[in-house]
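Next up is one chain by itself, shown in structure tokens, the form predicted on its own.
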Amino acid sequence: MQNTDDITQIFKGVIFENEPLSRHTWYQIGGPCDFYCIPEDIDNLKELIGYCEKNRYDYFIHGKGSNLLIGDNGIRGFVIDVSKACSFTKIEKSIITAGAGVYMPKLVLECEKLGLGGIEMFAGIPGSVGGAIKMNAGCHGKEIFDVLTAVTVMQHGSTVTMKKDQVEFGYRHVKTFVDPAIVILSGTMQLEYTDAEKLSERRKEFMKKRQQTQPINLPSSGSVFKNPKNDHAARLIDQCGLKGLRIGHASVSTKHANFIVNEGGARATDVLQIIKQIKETVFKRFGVALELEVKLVGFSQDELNNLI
């Protein structure tokens, strides 16, 4: 692996060496990466990814880190933050194209001012547009793919815009974008004209409900598990008496059983042990195999196999 002096000769942007990833995730958990890079624009992003692929360096595309649990040993190679390179928003009447690095709550407010509705329920999703697209994020009965019409991606240096019907997606999962070499650049959404005051009222109602039901005062990744069909993961976990379960400095929230919170100084291994105990207990009690919604990055295969 080269040092920063070598890399900066081919990279325009900000770069940090041995950067703790706990600084870049909502969990505030995660070891260091070799290089944390923030490209200036899409051309710079393309050059950096090309450099990594040419030299066979591992790279990981990073947004806001709101749905990530990163291992205590961190990530080898490059973590590429697209918050600046993909921070653009294009508006054509009721059609919005938002870059992958755009912060979802910010986009909701921008659309609200224009009287464009359809995404106001996403105001409480503290992630990027790219992250929301990659996992088909949703809440309050609506998913991002309900409004998406197209997604622009880059793969091995080539840029292509895919229509919605070309993308294979489902509940909290997009099979088309599982390949890490497919980098989401932007998403195009069809919204609807709505009275701005009504949009504001709806957004505030959604945010009030979130504050009442979720432990937003502590670091977390949001919902840890996907909801099983016709049920809720939180209900199953609560019925197993697991609220308040604590390992190290991580615990199952007493406010919402599908949240594992960092009480301060929690390690990824603490959270992983809680996840394992929840999965085992719920399966033993209800015969339901809970699936993870949170994305695990930087763990050994043995650690991941141990969760099954």
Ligand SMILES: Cc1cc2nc3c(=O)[nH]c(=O)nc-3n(C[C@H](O)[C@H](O)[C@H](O)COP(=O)(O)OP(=O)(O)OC[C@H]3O[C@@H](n4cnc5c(N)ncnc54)[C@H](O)[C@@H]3O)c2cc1C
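Each residue number is its position in the shown sequence, starting from 1. Just so it is clear, the model here is predicted, and its values are computed rather than measured.
We do not show the form predicted together with the ligand, though everything after this point is about it.
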Of 285, 295, 12, 23, the one that lies within 4.5 Å of the ligand in the predicted complex (heavy atoms): 295
Proximity to the ligand in the predicted complex, single hit among 75, 139, 207, 107 (heavy atom within 4.5 Å): 139
Proximity to the ligand in the predicted complex (heavy atom, within 4.5 Å), stretch among 211-219, 226-234, 194-202, 161-169: 211-219
Any non-hydrogen atom of residue 126 within 4.5 angstroms of the ligand in the predicted complex: yes
4.5 Å heavy atom contact, residue 187 and the ligand in the predicted complex: no
Contact of residue 262 with the ligand in the predicted complex (heavy atom, 4.5 Å): no
Contact flag, residue 38 vs the ligand in the predicted complex, heavy atom cut 4.5 Å: no
Members of 66-82 lying within 4.5 angstroms of the ligand, judged by heavy atom, in the predicted complex: 66, 67, 68, 82
